[in-house]
Structures are given as C-alpha cells and as structure tokens.
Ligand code: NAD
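A single chain, nothing else alongside it, follows as structure tokens in the form predicted alone.
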C-alpha cells in the first residue's frame, strides 16, 4: 500500500500512528480537513484483525466527520481516532492516558469524544492529559453521554424524511424497523414509542432486545429478518454498509432514516434506493445531534441550547432534499454537494486550522490533573 498516495486520494491532512509498548497502546489519529475549524471526531476501540483494517476505518470515518460537521453548519473539521484492542479486556488507565499525551502533542488540531467501545470513564483518563476532549462528565463542564442527543437529532431528520415522502411529520402514525438498540438505538426506540409508533427491533445483543420488548413494548425480530419487515421506515442504528445490493431488493420500506454511520455499502446503493422510490435521509446529516451537542461545550455547555441546535437537523435534511430536486440527483449526492459547497466557500477566506496551544473550554474544572 502506498500510504501517501492513499492520503492524497482521500485528501487527508494528517495521520498520526501512536504506539506505547508499556501501555499496550496501538492507535491511529486521522485528520481529514480543518478548513472550517479544528477536527472533531470520536475515539473508537475495536479488535481490528489487521492494522490495515484499522487504518481504512479511521480514514473513512474521519472523512465522514468532515461532511457531517459541514452539513450541520458547525465551525469544525473532520477527524477520528481508533485504538486497536478488545474493549472488554484491554482497557487500562495507562492506555488512555498514553493516548491523551499523543493527542496533546497535536496542539488542538484534533478534539476527541467517546465512540464505539469507549465510555465516559475512559474519556476521563484521556482528559487527565489533554483539554481537547468533549463529552466528558458534567462536573468538568462537559455534556456527558451523547446518545440521547444523537437519537433526538435523528428524529428531527426523520420528520423531514416523513414530510418528504408522506407530506406530514406524524412520527406515531408509522411503523419502524430499528436495527441496533445499543445506547443510541434504545434512545431512538424510546422516542418512537413515546409517540405511539409500532417498532420492530433487532440486535446482536439479546439482552438489549429484551429490554426494548419489556420496557418499551417493542416487537423483536431476528437479525436477518429485519430487512423483510413490512414497516414504513427502516432505521439502521448499528453497523455500516448494511444497505447493499443484497438487502435492498428485500425492502418494503418507503423511508430509510437511522443513526448508523456509512449506511450505504456503495454510492450506487443510494441511487438504487432513489430508483425504487425509497426516500433516503443521508446518515451523516441525520446523526449529527451528538456532534452538535458536544460542540456547545466550546462556548460553555447549555442543554436547552443544544436541543435548539439539534432541531436545525430538520432544516438541513429538508435542504438536502431540495438540492436533490434542484440538481436532479440522489439525496446522498445532494448531501455531499451541500457539504462541499460550504467547505469551498469558507475555504476561500480561511486557511486550514494549524492548532492553538491556548485552546480551552470555558467553565471546566481541572481537578485531578
């Protein structure tokens, strides 16, 4: 693999490989674009089979964060980080503090938060070594677990998609096939059930499914059966790449709108949804609620202000549908175009973010440092 050619093709600005043998740390930090501001994106811990697999994932995810921040109207760029390891047995204070030291050396160009395999306790250790962490506990001026906000924002995008397909926003009038009921998926199920909607759920974790059935009154279906459910909306809230040429022919859904990242296996799959008359709400526009929530921390966190910001997801998704109609393109391409147009416009007046050692978050307690 020609690493520099890969970075040239993907247009990444910087990739840092982080290794500390004593702490057991093998991590990669990728910064895709900082035209709009410092790169923000979560830290993921996953037992990747190969280092190449980890690199591919962090490059793909960081690029997605650039587009997510741009469409959300935030003054942030795109970045992501991954730690190679099993989150169920490889975590330690030394591991996360070592990672935090590598982050601190980037002088504010990259800001992290929790992602798959990471929880708020892990982020506390990273926070010991660097200020450039969002989503930490409220006692430090953070916003805590972003899952409820990601789910709330997803529902705002869902309303725009329902309006586009059915001409109304009556969430409770439709049925949903919810794939994945982890932190975000469970919150999504709760919101849908609160509106009186019929919700089918599936997840690799049987206990999570049982919780949705027992506490929320959802109906459980098998992992593969979810694609055949006769529901109005398919809501992917787990892994990416599940909308592909094998699953699409099974869809009876009229709308696809969920919180998972990278839902389309290929761009052609987005075009195929369009051809079949299925309204697709682009994932990174819909699931930006968590990112919006933590971005508020830059100015001093306020929960109500965060929720007001998340309601703009309805407007953003509606604009994407308008661009798609204006330019005669699929919604996934319209979302990319909306992001690229903003980055290009701002890029004419700004240089890439070079970092600022004095960057700080208002109202944070540094106790424990």
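Positions refer to the first chain, counted from 1. Fair warning: this is a prediction, and the values are worked out from it, not measured in the lab.
Another form, the form predicted in complex with the named molecule, is not on view; read the next lines as being about it.
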> Just one of 92, 194, 205, 173 has a heavy atom within 4.5 Å of the named molecule in the model of the complex. Which one?
Replying inline: 205
> So which of 87, 73, 182, 108 reaches within 4.5 angstroms of the named molecule in the model of the complex, heavy atom to heavy atom?
Replying inline: 182
>> Can you tell me if residue 146 lies within 4.5 angstroms of the named molecule in the model of the complex, counting non-hydrogen atoms only?
In response: yes
> Is there any non-hydrogen atom of residue 130 lying within 4.5 Å of the named molecule in the model of the complex?
Replying inline: no
>> Can you tell me whether residue 245 touches the named molecule? I mean in the model of the complex, with a 4.5 angstroms heavy atom cut-off.
In response: no
>> Please tell me whether any heavy atom belonging to residue 81 falls inside 4.5 Å of a heavy atom of the named molecule, as the geometry stands in the model of the complex.
In response: no
> What stretch, of 161-169, 247-255, 93-101, 234-242, brings heavy atoms to within 4.5 Å of the named molecule in the model of the complex?
Replying inline: 234-242
> Since the partner is left out here, which residues of 62-87 would have a heavy atom within 4.5 Å of the named molecule in the model of the complex?
Replying inline: 68
